[in-house]
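First, one chain by itself in structure tokens, the form predicted alone.
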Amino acid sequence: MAARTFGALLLAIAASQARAEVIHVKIENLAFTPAEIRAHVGDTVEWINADFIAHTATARDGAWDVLIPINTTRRVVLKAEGTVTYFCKFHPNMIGRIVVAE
């Protein structure tokens, strides 16, 4: 019985890891593109700064604060379901939104 439960757990973990995706958000012209994305718990959001200045991706709820220098990429793995609004601390008019489902 324990072996069967352990096997089911391994299959569940493998299935969740197999479906995890990397979602790209480009930063250019003082904007996050796309401004809204849909993702799942376990997915990774990768910001690519193609702009002429540094930016941040800062979650309004304080979950993460990522500095993204010029010509770099930074990542965050999404750990919880819900809607996260984020912004650039240097340019507060830059706003993005991530809708995270289980």
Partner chain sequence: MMLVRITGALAALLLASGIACAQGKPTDPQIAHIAYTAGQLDIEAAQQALEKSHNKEVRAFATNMEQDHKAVNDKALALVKKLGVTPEDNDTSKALAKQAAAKRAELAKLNGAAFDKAYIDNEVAYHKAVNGALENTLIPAASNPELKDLLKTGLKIFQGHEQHAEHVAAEFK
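Residue numbers count along the first chain shown, from 1. Since we're looking at a predicted model, the values are computed, not measured.
One more form of this protein, predicted in complex with its partner chain, exists but is not displayed; see below.
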| query | finding |
| --- | --- |
| Close approach of K89 to its partner chain in the predicted bound form, 4.5 Å, heavy atom | yes |
| N71: touches its partner chain in the predicted bound form, heavy atom cutoff 4.5 angstroms | no |
| Its partner chain contact in the predicted bound form: N29, any heavy atom under 4.5 Å | yes |
| Contact test in the predicted bound form: V77 vs its partner chain, heavy atoms, 4.5 Å | no |
